[in-house]
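The form predicted on its own is given below as one chain in C-alpha cells.
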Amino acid sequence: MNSFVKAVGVGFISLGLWSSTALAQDSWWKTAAQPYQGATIRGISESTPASKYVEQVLGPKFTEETGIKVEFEATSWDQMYDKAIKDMEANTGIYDFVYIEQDIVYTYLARNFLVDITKSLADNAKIASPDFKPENFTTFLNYFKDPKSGNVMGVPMEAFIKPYLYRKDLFDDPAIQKAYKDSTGADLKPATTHDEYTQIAKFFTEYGADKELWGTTVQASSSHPAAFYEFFESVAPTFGVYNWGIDGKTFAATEANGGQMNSAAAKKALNYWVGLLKYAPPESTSSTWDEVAGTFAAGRAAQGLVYGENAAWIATDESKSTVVGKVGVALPPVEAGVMEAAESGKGYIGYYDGGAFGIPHSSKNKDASLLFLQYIGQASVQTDWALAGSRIVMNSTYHDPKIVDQDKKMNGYYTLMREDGKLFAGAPPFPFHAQVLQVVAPFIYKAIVGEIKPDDALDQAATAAEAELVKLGYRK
C-alpha cells in the first residue's frame, strides 16, 4: 500500500544477486515458453520496493530466460487502482497482470475480475512449473484463494506487518532514561499500553522541542484514505474494534444495531489517535504511509506505527535514512484484554498487509502471464527480493543466512513477523470495501482537522456506513 520508492532508490538491485538455482532452471522455462516467444506482457503495481524489484530484476531476468518481454508500470497507489479497475471493467486487456492488494481482493473476486490460477495450470500442464508450489507460501496465501473453491487467484509478492518502531538510541540513552524517570516516575521502555505510548509521546515532544524531534508519527492525512486505514486497521483493533466495527453477518455498523463503529471502544480509540497529533510533527495531517516512513527515517519522531515494508531501508540504508542502527521494533500498544483475544484467535492487534499479482479476465496473454507469475513464485527468487523490500511470503525465506543477518540489523523485525505475525490480520473480507471507505473517510478527515469531535465523527460515520450497506443490498 505504499509508494515510497523514491526514498528507497534502486542501487541495491543487481542481476548479480540472482541465485544459481534459478539459472539452473533455464531449460524448463525456455521449453515451456517456446509457444509465447516474442510476446509482451504488461503489468501494473504500486510503486513499492518490492514492485521495483520486479520491474528491474525479475522482469528482465524472466525475459532473458523465456523471450517473453515484460513491460511493468510502477505507479502511485491511486493510479494503480484507477487504471487496473477501468481496464478490467472495460475488458480492454491493457494489462496482463495486476497488483491485488489484500484488502481489495474480495471486491475483485465478487466481480469475477481474476483468472483462476489453480484451474488454469491444471488445464494446461505444459506450463505448470515444478518449482511453483503454493504449499511453500506462508498462510498469507490464503487471502488470495477463492473462499468457495480454495483455488489460488493471486501469487503473493509482498507481505508485511505494521509494527511499532521506536528510536532505540533514545530509549537506551541513560541521560534520557533518567530525565524520563524524573518526569514521569516510570522506566523508559517501549509502550505496551496506550497510556504509556501517550506518556512517551508527550515526554519526547517536550524533550525534543529544540531538536526537531516529536513524540510520535501519525498517519493522519486529512484528505487521503491513508488516515482511514491507519485508524480502522492499525489503531481501532488495539482497542478491540475489529473489521472496521461492521458486523460481518448483519452488516450493522452502529452500536444501536449491533455494530461497533461508534462503540465506546471505537470512540476511545479515535480520541486517542487524534489526541496524538499534538505530539506529532506538523506534517502529520498531510502524512500518508509514505510521509510517515520519511518522517521516521529523518529522525523526526521517537516512535510510531510504520508499515513493515519500510523497516529494512529505514534501519539499514544510510543513503536514505538518518536512523540506521537506531531502530527498535516492538508490538503495538493495546488495551487490556486485546492481546489475549489476539492470542486466542478471537481478535488481532494490527494490520498484516501485502499483495499479490493476479491475471485479469481481460488479459490477452494469459498463458505467458501464468508463466511469469510462477516465475516470481519460486522459492529461489525470494531471498534477494526480501532483502530489497523487507517482504516475506515464504516460510523458507526466514531461515536464509542473508535474511538472518539483515534481521539482526533490523533489531528483529523478521523474527517479530515470523513469531508474532499471527497476532495481526488483513482487512475484513468485504466486497464493499471501496464503497464504505468512501462514505466513512470524510468523517475521519473532519475529526483530524477538528471540524467535528471524534465521538460525533464516528456516530455520523456509522450511520452513513449502514445507509450505504442498505443501498448496496447487504443490509435490510
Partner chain sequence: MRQSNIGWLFLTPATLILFVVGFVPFIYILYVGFFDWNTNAVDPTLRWAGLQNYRSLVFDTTFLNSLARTLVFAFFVVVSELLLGYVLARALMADRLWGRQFFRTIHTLPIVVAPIAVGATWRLLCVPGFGIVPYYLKLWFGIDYNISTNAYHAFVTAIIMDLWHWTPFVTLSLMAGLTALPKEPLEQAQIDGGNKLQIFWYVIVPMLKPVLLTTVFIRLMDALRSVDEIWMLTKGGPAESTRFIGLHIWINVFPKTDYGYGAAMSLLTLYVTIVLSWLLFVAMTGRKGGAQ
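Since the structure is predicted, the reported quantities are computational estimates derived from the model, not experimental observations. Positions refer to the first chain, counted from 1.
From this point on, the text means the form predicted in complex with the partner chain, which you will not see here.
Colleague: Among 321 to 329, 349 to 357, 281 to 289, 130 to 138, which stretch has residues whose heavy atoms lie within 4.5 Å of the partner chain in the predicted bound form?
Modeller: Only one stretch passes the 4.5 Å heavy-atom test: 281 to 289.
Colleague: Heavy atoms within 4.5 Å of the partner chain in the predicted bound form: does residue 40 have any?
Modeller: Close contact is absent here: in the predicted bound form, residue 40 is far from the partner chain, nothing within 4.5 Å, heavy atoms only.
Colleague: May I ask you to state whether residue 468 is within 4.5 Å of the partner chain in the predicted bound form, using heavy atom distances?
Modeller: Yes, residue 468 lies within 4.5 Å of the partner chain in the predicted bound form.
Colleague: Verify the contact flag for residue 451: yes if a non-hydrogen atom of it lies within 4.5 Å of a non-hydrogen atom of the partner chain in the predicted bound form, no if not.
Modeller: Contact with the partner chain, yes.
Colleague: Look up in the predicted bound form whether residue 223 has a non-hydrogen atom within 4.5 angstroms of the partner chain, and give yes or no.
Modeller: Yes, residue 223 is a contact residue.
Colleague: Of 181, 361, 111, 189, which residue is found within 4.5 angstroms of the partner chain in the predicted bound form when only non-hydrogen atoms are counted?
Modeller: Result of the distance check: 111.
Colleague: What is the one choice in 123, 89, 210, 405 with a heavy atom within 4.5 Å of the partner chain in the predicted bound form?
Modeller: Checking each option against the partner chain in the predicted bound form, the one that comes within 4.5 Å is 89.
Colleague: Thinking of 78, 445 and 472 as one candidate spot, does the partner chain come within 4.5 Å of a heavy atom in every one of them in the predicted bound form?
Modeller: Answer is yes for this spot.
Colleague: At a 4.5 angstroms cut-off on non-hydrogen atoms, which residues of 415 to 433 are near the partner chain in the predicted bound form? List them in order.
Modeller: If the 4.5 Å heavy-atom criterion is applied to the partner chain in the predicted bound form, 415 to 433 yields only 431.
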